[in-house]
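Next up is one chain by itself, shown in C-alpha coordinates, the form predicted on its own.
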(Lines give C-alpha, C1' and ligand atoms only; values in the text may rest on other atoms or scores of the structure.)
Protein backbone atom coordinates (compact mmCIF):
# COMPACT_ATOMS: atom_id res chain seq x y z
CA UNK A 1 0.00 0.00 0.00
CA UNK A 2 2.84 2.32 0.87
CA UNK A 3 4.51 1.65 -2.45
CA UNK A 4 1.30 2.31 -4.33
CA UNK A 5 0.80 5.54 -2.40
CA UNK A 6 4.31 6.60 -3.32
CA UNK A 7 3.46 6.25 -6.99
CA UNK A 8 0.04 7.85 -6.81
CA UNK A 9 0.92 10.73 -4.52
CA UNK A 10 4.11 11.70 -6.27
CA UNK A 11 2.46 13.40 -9.23
CA UNK A 12 3.68 16.75 -8.02
CA UNK A 13 7.22 15.60 -8.55
CA UNK A 14 6.44 14.63 -12.11
CA UNK A 15 4.89 18.03 -12.69
CA UNK A 16 7.93 19.78 -11.26
CA UNK A 17 10.25 17.63 -13.31
CA UNK A 18 8.24 18.35 -16.44
CA UNK A 19 8.36 22.08 -15.72
CA UNK A 20 12.09 21.97 -15.16
CA UNK A 21 12.49 19.94 -18.31
CA UNK A 22 10.37 22.33 -20.34
CA UNK A 23 12.19 25.36 -18.99
CA UNK A 24 15.46 24.20 -20.50
CA UNK A 25 14.05 23.79 -23.99
CA UNK A 26 14.78 26.44 -26.58
CA UNK A 27 11.76 27.14 -28.70
CA UNK A 28 11.99 29.41 -31.73
CA UNK A 29 8.56 30.24 -33.12
CA UNK A 30 6.99 26.83 -33.93
CA UNK A 31 10.23 24.87 -33.62
CA UNK A 32 11.41 22.74 -30.70
CA UNK A 33 15.01 22.02 -29.83
CA UNK A 34 15.58 18.26 -29.38
CA UNK A 35 19.24 18.81 -28.51
CA UNK A 36 18.28 20.91 -25.48
CA UNK A 37 15.57 18.37 -24.62
CA UNK A 38 18.02 15.47 -24.62
CA UNK A 39 20.53 17.36 -22.49
CA UNK A 40 17.88 18.27 -19.92
CA UNK A 41 16.40 14.75 -19.92
CA UNK A 42 19.77 13.12 -19.31
CA UNK A 43 20.81 15.66 -16.69
CA UNK A 44 17.59 15.05 -14.78
CA UNK A 45 18.48 11.37 -14.33
CA UNK A 46 22.17 11.99 -13.73
CA UNK A 47 21.27 14.36 -10.89
CA UNK A 48 18.48 12.16 -9.52
CA UNK A 49 20.82 9.15 -9.38
CA UNK A 50 24.33 10.59 -8.93
CA UNK A 51 25.82 7.23 -7.95
CA UNK A 52 24.75 5.48 -11.14
CA UNK A 53 27.35 5.46 -13.90
CA UNK A 54 25.90 7.12 -16.97
CA UNK A 55 26.36 4.06 -19.17
CA UNK A 56 24.62 1.86 -16.58
CA UNK A 57 21.20 3.44 -17.06
CA UNK A 58 20.72 1.12 -20.04
CA UNK A 59 20.56 -1.79 -17.59
CA UNK A 60 17.18 -0.59 -16.34
CA UNK A 61 16.19 -1.61 -12.81
CA UNK A 62 19.53 -3.38 -12.35
CA UNK A 63 21.24 0.01 -12.32
CA UNK A 64 19.16 1.15 -9.36
CA UNK A 65 20.82 -0.85 -6.56
CA UNK A 66 23.79 -3.13 -5.98
CA UNK A 67 21.77 -6.23 -5.10
CA UNK A 68 19.85 -6.08 -8.35
CA UNK A 69 23.05 -5.35 -10.25
CA UNK A 70 24.60 -8.53 -8.86
CA UNK A 71 21.50 -10.46 -9.93
CA UNK A 72 21.91 -9.11 -13.43
CA UNK A 73 25.60 -9.97 -13.57
CA UNK A 74 24.85 -13.53 -12.49
CA UNK A 75 22.07 -13.76 -15.06
CA UNK A 76 24.41 -12.60 -17.81
CA UNK A 77 26.65 -15.63 -17.22
CA UNK A 78 23.83 -17.82 -18.56
CA UNK A 79 21.57 -15.29 -20.29
CA UNK A 80 17.94 -16.36 -20.70
CA UNK A 81 17.81 -14.65 -24.09
CA UNK A 82 20.52 -16.88 -25.59
CA UNK A 83 17.93 -19.08 -27.31
CA UNK A 84 16.57 -16.00 -29.07
CA UNK A 85 20.02 -14.94 -30.23
CA UNK A 86 20.64 -18.33 -31.79
CA UNK A 87 17.24 -18.35 -33.46
CA UNK A 88 17.62 -14.76 -34.67
CA UNK A 89 21.04 -15.39 -36.18
CA UNK A 90 19.72 -18.38 -38.10
CA UNK A 91 16.65 -16.50 -39.29
CA UNK A 92 18.73 -13.52 -40.36
CA UNK A 93 21.04 -15.60 -42.55
CA UNK A 94 18.38 -17.92 -44.03
CA UNK A 95 17.49 -16.85 -47.60
CA UNK A 96 13.97 -15.89 -48.55
CA UNK A 97 12.25 -17.91 -51.27
CA UNK A 98 13.68 -15.49 -53.85
CA UNK A 99 17.24 -16.10 -52.65
CA UNK A 100 17.75 -12.77 -50.93
CA UNK A 101 18.23 -12.25 -47.18
CA UNK A 102 17.64 -9.53 -44.61
CA UNK A 103 21.18 -8.34 -45.27
CA UNK A 104 20.05 -7.11 -48.69
CA UNK A 105 17.60 -4.67 -47.07
CA UNK A 106 19.90 -2.85 -44.66
CA UNK A 107 23.06 -0.77 -44.66
CA UNK A 108 26.19 -2.74 -43.76
CA UNK A 109 24.28 -5.95 -44.33
CA UNK A 110 22.20 -5.26 -41.21
CA UNK A 111 25.17 -5.79 -38.89
CA UNK A 112 25.98 -3.18 -36.24
CA UNK A 113 23.18 -0.78 -37.18
CA UNK A 114 20.71 -1.09 -34.29
CA UNK A 115 21.89 2.24 -32.82
CA UNK A 116 20.56 4.09 -35.88
CA UNK A 117 16.93 3.00 -35.41
CA UNK A 118 14.36 4.41 -35.43
CA UNK A 119 15.00 6.98 -38.13
CA UNK A 120 12.83 9.54 -39.87
CA UNK A 121 12.12 8.69 -43.51
CA UNK A 122 11.96 12.01 -45.30
CA UNK A 123 10.33 10.49 -48.41
CA UNK A 124 7.53 8.87 -46.43
CA UNK A 125 7.37 11.63 -43.83
CA UNK A 126 7.19 9.18 -40.94
CA UNK A 127 9.32 7.37 -38.37
CA UNK A 128 10.65 3.94 -39.36
CA UNK A 129 11.54 1.55 -36.54
CA UNK A 130 13.73 -1.53 -36.83
CA UNK A 131 10.70 -3.79 -36.36
CA UNK A 132 8.83 -2.01 -39.14
CA UNK A 133 11.88 -2.11 -41.43
CA UNK A 134 12.23 -5.86 -40.92
CA UNK A 135 8.64 -6.53 -41.90
CA UNK A 136 8.93 -4.24 -44.91
CA UNK A 137 11.99 -6.22 -45.93
CA UNK A 138 10.01 -9.45 -45.66
CA UNK A 139 7.08 -8.10 -47.68
CA UNK A 140 9.38 -6.63 -50.37
CA UNK A 141 10.80 -10.12 -50.81
CA UNK A 142 7.48 -11.90 -51.03
CA UNK A 143 7.33 -13.07 -47.42
CA UNK A 144 4.47 -12.62 -44.94
CA UNK A 145 5.12 -10.10 -42.16
CA UNK A 146 5.78 -11.29 -38.63
CA UNK A 147 3.70 -10.31 -35.63
CA UNK A 148 5.28 -7.33 -33.88
CA UNK A 149 4.72 -8.90 -30.47
CA UNK A 150 5.75 -12.53 -31.02
CA UNK A 151 8.97 -14.53 -30.80
CA UNK A 152 10.09 -14.28 -34.43
CA UNK A 153 10.37 -10.50 -34.39
CA UNK A 154 11.93 -10.57 -30.92
CA UNK A 155 14.58 -13.05 -32.08
CA UNK A 156 15.49 -11.06 -35.19
CA UNK A 157 15.81 -7.79 -33.30
CA UNK A 158 17.73 -9.54 -30.51
CA UNK A 159 20.38 -10.71 -32.96
CA UNK A 160 20.63 -7.30 -34.66
CA UNK A 161 20.88 -5.55 -31.28
CA UNK A 162 23.61 -7.95 -30.19
CA UNK A 163 25.73 -7.00 -33.21
CA UNK A 164 25.55 -3.38 -32.03
CA UNK A 165 26.32 -3.92 -28.34
CA UNK A 166 28.42 -1.11 -26.91
CA UNK A 167 27.75 1.27 -29.80
CA UNK A 168 26.24 4.59 -28.70
CA UNK A 169 22.67 5.33 -29.64
CA UNK A 170 22.84 7.70 -32.59
CA UNK A 171 19.38 8.89 -33.62
CA UNK A 172 19.12 11.76 -36.08
CA UNK A 173 16.35 14.32 -36.36
CA UNK A 174 16.62 16.02 -39.75
CA UNK A 175 15.80 19.69 -40.17
CA UNK A 176 12.34 18.84 -41.37
CA UNK A 177 9.18 20.13 -39.68
CA UNK A 178 7.59 16.68 -40.05
CA UNK A 179 10.47 15.05 -38.18
CA UNK A 180 10.26 17.63 -35.41
CA UNK A 181 6.49 17.10 -35.25
CA UNK A 182 6.97 13.33 -34.92
CA UNK A 183 9.51 13.84 -32.14
CA UNK A 184 7.20 16.27 -30.33
CA UNK A 185 4.25 13.91 -30.76
CA UNK A 186 6.27 11.11 -29.17
CA UNK A 187 7.25 13.35 -26.29
CA UNK A 188 3.64 14.41 -25.79
CA UNK A 189 2.51 10.78 -25.72
CA UNK A 190 5.18 9.96 -23.13
CA UNK A 191 4.01 12.67 -20.72
CA UNK A 192 0.23 12.40 -21.30
CA UNK A 193 -1.82 10.63 -18.61
CA UNK A 194 -4.31 8.01 -19.78
CA UNK A 195 -6.30 4.99 -18.69
CA UNK A 196 -8.26 4.21 -15.54
CA UNK A 197 -5.16 4.69 -13.39
CA UNK A 198 -4.45 8.10 -14.96
CA UNK A 199 -0.79 7.24 -15.46
CA UNK A 200 1.59 8.53 -18.08
CA UNK A 201 4.76 6.73 -19.15
CA UNK A 202 6.58 9.33 -17.05
CA UNK A 203 4.57 8.47 -13.93
CA UNK A 204 6.54 5.26 -13.59
CA UNK A 205 9.73 5.82 -15.53
CA UNK A 206 10.57 9.43 -14.60
CA UNK A 207 8.86 9.80 -11.23
CA UNK A 208 9.53 6.40 -9.69
CA UNK A 209 12.43 4.42 -11.22
CA UNK A 210 13.77 1.95 -8.68
CA UNK A 211 10.42 1.83 -6.85
CA UNK A 212 8.23 -1.26 -6.94
CA UNK A 213 4.72 -1.45 -8.29
CA UNK A 214 3.08 -4.85 -7.98
CA UNK A 215 6.02 -7.24 -8.44
CA UNK A 216 7.92 -5.03 -10.86
CA UNK A 217 10.88 -2.76 -10.16
CA UNK A 218 10.45 0.28 -12.38
CA UNK A 219 13.19 1.10 -14.86
CA UNK A 220 14.39 4.64 -15.58
CA UNK A 221 13.18 6.09 -18.86
CA UNK A 222 16.72 7.06 -19.79
CA UNK A 223 18.19 4.22 -21.85
CA UNK A 224 15.08 2.07 -21.48
CA UNK A 225 15.02 1.18 -25.18
CA UNK A 226 18.77 0.58 -25.48
CA UNK A 227 18.26 -2.89 -23.99
CA UNK A 228 15.39 -3.93 -26.24
CA UNK A 229 14.26 -6.55 -26.98
CA UNK A 230 14.18 -8.07 -23.51
CA UNK A 231 13.54 -11.38 -21.83
CA UNK A 232 11.03 -10.94 -19.00
CA UNK A 233 10.40 -13.57 -16.37
CA UNK A 234 6.70 -12.68 -16.26
CA UNK A 235 6.49 -13.44 -20.00
CA UNK A 236 8.72 -16.52 -19.83
CA UNK A 237 10.10 -15.32 -23.11
CA UNK A 238 11.28 -12.42 -25.22
CA UNK A 239 9.43 -9.20 -25.83
CA UNK A 240 9.82 -6.60 -28.55
CA UNK A 241 9.55 -2.85 -28.10
CA UNK A 242 6.03 -3.10 -29.50
CA UNK A 243 5.09 -5.71 -26.92
CA UNK A 244 6.47 -3.53 -24.12
CA UNK A 245 4.42 -0.52 -25.20
CA UNK A 246 1.23 -2.58 -25.47
CA UNK A 247 1.88 -4.18 -22.07
CA UNK A 248 2.52 -0.82 -20.40
CA UNK A 249 -0.79 0.53 -21.67
CA UNK A 250 -2.60 -2.59 -20.47
CA UNK A 251 -0.97 -2.45 -17.03
CA UNK A 252 -2.24 1.10 -16.50
CA UNK A 253 -5.69 0.06 -17.76
CA UNK A 254 -5.39 2.20 -20.85
CA UNK A 255 -6.45 1.02 -24.28
CA UNK A 256 -3.37 -0.23 -26.15
CA UNK A 257 -2.76 1.04 -29.65
CA UNK A 258 -1.99 -1.12 -32.65
CA UNK A 259 1.68 -2.17 -32.67
CA UNK A 260 3.70 0.17 -34.90
CA UNK A 261 0.99 2.82 -34.86
CA UNK A 262 2.26 6.35 -35.50
CA UNK A 263 2.05 7.15 -31.77
CA UNK A 264 4.13 4.15 -30.72
CA UNK A 265 6.70 4.82 -33.42
CA UNK A 266 6.91 8.47 -32.39
CA UNK A 267 7.37 7.70 -28.70
CA UNK A 268 10.12 5.24 -29.65
CA UNK A 269 11.72 8.06 -31.67
CA UNK A 270 11.58 10.41 -28.68
CA UNK A 271 12.91 7.91 -26.13
CA UNK A 272 15.69 6.76 -28.43
CA UNK A 273 16.79 10.29 -29.26
CA UNK A 274 17.04 11.43 -25.65
CA UNK A 275 19.22 8.35 -24.99
CA UNK A 276 21.76 9.37 -27.64
CA UNK A 277 25.30 8.61 -26.53
CA UNK A 278 24.33 5.75 -24.21
CA UNK A 279 25.39 2.29 -25.37
CA UNK A 280 23.22 -0.37 -26.95
CA UNK A 281 22.92 -3.20 -24.42
CA UNK A 282 20.28 -5.38 -26.03
CA UNK A 283 19.09 -7.97 -25.87
CA UNK A 284 18.39 -7.57 -22.19
CA UNK A 285 16.76 -9.48 -19.37
CA UNK A 286 14.37 -8.23 -16.71
CA UNK A 287 12.65 -9.81 -13.70
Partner chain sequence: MTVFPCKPALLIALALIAGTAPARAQSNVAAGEKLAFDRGKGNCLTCHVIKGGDLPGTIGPELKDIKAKYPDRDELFAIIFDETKRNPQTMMPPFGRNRILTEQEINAIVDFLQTL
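Just so you know, these numbers come straight off a predicted model, no measurement behind them. Positions refer to the first chain, counted from 1.
The next section is about a form of this same protein that is not shown, the form predicted in complex with its partner chain.
- Taken together, the three residues 111, 114 and 149 lack any non-hydrogen atom within 4.5 angstroms of its partner chain in the predicted bound form.
- Its partner chain in the predicted bound form comes within 4.5 Å of no heavy atom belonging to residue 182.
- For the chain shown alone, residue 212 is a contact residue for its partner chain in the predicted bound form, at least one non-hydrogen atom being within 4.5 angstroms.
- Mapping the unseen interface onto this chain, residue 70 falls outside it, with no heavy atom inside 4.5 Å of its partner chain in the predicted bound form.
- Its partner chain in the predicted bound form is approached by residue 197, whose closest heavy atom lies within 4.5 angstroms of it.
- Residue-level contacts in the predicted bound form: of 203, 129, 135, 164, one residue has a heavy atom within 4.5 Å of its partner chain, and it is 203.
- Though its partner chain is absent from this view, in the predicted bound form it lies within 4.5 Å of a heavy atom of just one residue from 218, 221, 52, 38, which is 218.
- Residue heavy atoms within 4.5 Å of its partner chain in the predicted bound form occur in exactly one stretch of 98-106, 187-195, 156-164, 172-180, and that stretch is 187-195.
- Residues in 54-80 all lack a heavy atom within 4.5 Å of its partner chain in the predicted bound form.
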